[in-house]
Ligand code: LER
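This document starts with one chain, in the form predicted alone, laid out as structure tokens.
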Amino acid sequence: MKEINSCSFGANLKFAVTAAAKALPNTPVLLRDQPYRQLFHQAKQLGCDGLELHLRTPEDAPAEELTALEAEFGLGISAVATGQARGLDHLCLIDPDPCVRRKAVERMRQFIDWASAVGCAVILGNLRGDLPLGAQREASRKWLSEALDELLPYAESRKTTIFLEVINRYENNYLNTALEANQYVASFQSGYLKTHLDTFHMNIEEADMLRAIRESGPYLGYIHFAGNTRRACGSGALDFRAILGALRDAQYSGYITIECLPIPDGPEAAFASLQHIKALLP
């Protein structure tokens, strides 16, 4: 295992935590169920550089309010997570109903507009849906590609990146590994679509997590950190020193966002994770 010996690597990293004014139950959102000002205040106290916000719709968080809070607290928004649009509104980019697919694309366009205004990226995770069995499987793949063919030029016009999240097979049934996601991302030949990795999901799917991170290289845009049980970093079996070394080898310089379960509570899990990770940096 290589030692982390590059001061520039640690200096270029930024840290964020997941946050939501209204969080869904049993989700890995650490700062939750409070006004946005309080979420920013908590993140600042934790020593974060930013927050990843989970929203049902951009209308729930007016961009003007959020940009003012970013300036007041000196924090950024790392990304906006779109999963609540699926969990609450049942939108999906590969739904067999074309009206639902169109609503999902329009919601993504709204998120892109919002992200452009606040200066962050958009996460595409569960909103892509599960592939059905049978004849409709290939049609569903085509619908996802068609959605991205429409969304990526729009994202480019708004200077906003989409992060395609790699999720384990028990939560999403395709694009489960870094290699699959990287190949899919590469097929669009767009600098505005990047791979989004997560150590919890990778621990389930990757034969060699460190190699997968290194080989993601130019495709890697974003990463979530959580322990192998999805609890706080440092509480389980994952070697985060080695993971940081792989990120350094991949020349990663974006956000590391803590997305673990709020056990025993969100702020304590966030604090423990951040302390553990930061102690491993030079």
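As the structure is a prediction and not an experimental result, all values here were calculated from the model. So that there is no doubt, residue numbering starts at 1 and follows the sequence shown.
There is another form of this protein, the form predicted together with the named molecule, and it is not shown here; the text below is about that form.
This chain appears without its partner; in the model of the complex, the one residue of His41, Arg230, Arg214, Arg32 with a heavy atom within 4.5 Å of the named molecule is Arg230. With the partner omitted from this view, the residue of Arg128, Arg101, His201, Lys194 that lies near the named molecule in the model of the complex is His201 [heavy atom within 4.5 Å].
With the partner omitted here, the stretch from 63-71, 244-252, 43-51, 222-230 that lies within 4.5 Å of the named molecule by heavy atoms in the model of the complex is 222-230.
Contact with the named molecule in the model of the complex, defined as a heavy atom within 4.5 Å, is made by none of Glu106, Asp113 and Glu156. Though the partner is left out of this view, Glu146 does not reach within 4.5 Å of the named molecule in the model of the complex, counting heavy atoms only. By the criterion of a heavy atom within 4.5 Å, Glu138 is excluded from the residues contacting the named molecule in the model of the complex. Proximity of Glu171 to the named molecule in the model of the complex falls within the 4.5 Å heavy atom cutoff. Contacts with the named molecule in the model of the complex, taken as any heavy atom within 4.5 Å, map within 237-269 to Glu259 alone.
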